[in-house]
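Before any questions on how it binds or moves, here is one chain, the form predicted alone, in structure tokens.
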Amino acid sequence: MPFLNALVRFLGAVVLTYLGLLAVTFFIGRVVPIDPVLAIVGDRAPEHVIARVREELGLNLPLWKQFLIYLGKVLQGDFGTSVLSSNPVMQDIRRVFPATLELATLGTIIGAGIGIPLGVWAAVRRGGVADQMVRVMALIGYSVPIFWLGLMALVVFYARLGWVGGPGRIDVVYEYTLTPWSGIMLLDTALAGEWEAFGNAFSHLILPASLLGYFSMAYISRMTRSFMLNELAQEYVVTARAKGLSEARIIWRHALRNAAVPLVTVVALSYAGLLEGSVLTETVFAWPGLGLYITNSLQNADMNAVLGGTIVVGSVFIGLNLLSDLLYRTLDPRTRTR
């Protein structure tokens, strides 16, 4: 029974959270000063055409009826049709989301792979030169605008040195020779055995992924340092040192293991933040991902696409929060009895 009650509460929280997301997204979309009818027919259309299209879209109905209709369609995976592409919004999102997934995943791997060891190092060397260096690196990552870093990186590493590929996901010479399977360029080129195209795609990916990784590393290293300082001040660390355990074993085997419990949530939220579509990075590097898709849709008053993309972003946050909660319970047995 305790397990069943916990499962019911868990599912209830998921349903309420998702309903809240849909409600907030829908009503914000209705109060913004953008008329979706005018975006379809143009502002010079006759009044009778505007009225007919408004009626066909159901925009003449009360808001609560519009929300119920919208809710029913969303639950069926129908976000409407994009004004810009004339395709179903879900079809467009399936096309652009793999690009964001690829970029965010590599950025998170870089951020966590470098940020966690740096945070541990800074905590162990608290107050020393290493600690100050890590804190300065994190501060720069928080303070410097990422679009400026992106532009400077393109000027130096692409335009001047030629070490990496430029904007876009892959050179045009390879773009139309590949048959996309997953939409993830590195995976598709590897499965096709096109290693030259794989190297070209990687050269385009490494620079924006490194910038996002640096931004993620700044957050993860700071939080890792904070968690480790808290763990290193605990009594079990003093006891372990009194028993003669090596410092490396105390740090990596015991302190970091306990710090990993809250650190899971930090990494998951960082990953979700990158998956929502790093708009500035995707704009600077002409990366055809979800963030750039939502931005272009908003600029062109394509509200179906904006709302659909926003719901996908919210769903990503909800899903990763739930995943981090499950991992939290797995890593910390104490939470299973709550």
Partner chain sequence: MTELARNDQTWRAWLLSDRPQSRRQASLGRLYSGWRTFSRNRLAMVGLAIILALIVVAVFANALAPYSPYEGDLARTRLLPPSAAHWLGTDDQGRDILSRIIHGSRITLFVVVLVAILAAPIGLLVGTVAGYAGGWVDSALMRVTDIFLAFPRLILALAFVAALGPGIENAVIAIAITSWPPYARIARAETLTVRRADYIAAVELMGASSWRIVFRHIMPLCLASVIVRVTLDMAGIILTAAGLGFLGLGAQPPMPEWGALISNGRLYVLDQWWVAAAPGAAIFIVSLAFNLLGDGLRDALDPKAGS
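What you are looking at is a predicted structure, and each value in this text was computed from that prediction instead of being measured. Residue numbers count along the first chain shown, from 1.
Keep in mind that the form predicted in complex with the partner chain is missing from the display, and what follows is about it.
- Looking at 95-103, 114-122, 69-77, 147-155, the stretch with residues near the partner chain in the predicted bound form, meaning non-hydrogen atoms within 4.5 angstroms, turns out to be 147-155.
- The contact with the partner chain in the predicted bound form, taken as any heavy atom within 4.5 Å, belongs to 28 out of 57, 61, 28, 49.
- Although the partner is absent here, residue 37 lies well away from the partner chain in the predicted bound form, with no heavy atom inside 4.5 Å.
- Within 4.5 Å of some heavy atom of the partner chain in the predicted bound form lies at least one heavy atom of residue 142.
- Remark: residue 320 does not count among the residues lining the partner chain in the predicted bound form, judged by a heavy atom distance of 4.5 Å or less.
- In the predicted bound form, none of the heavy atoms of residue 169 sits within 4.5 Å of a heavy atom of the partner chain.
- Within 4.5 angstroms of the partner chain in the predicted bound form, the stretch 205-238 places a non-hydrogen atom from each of 222, 225, taken in sequence order.
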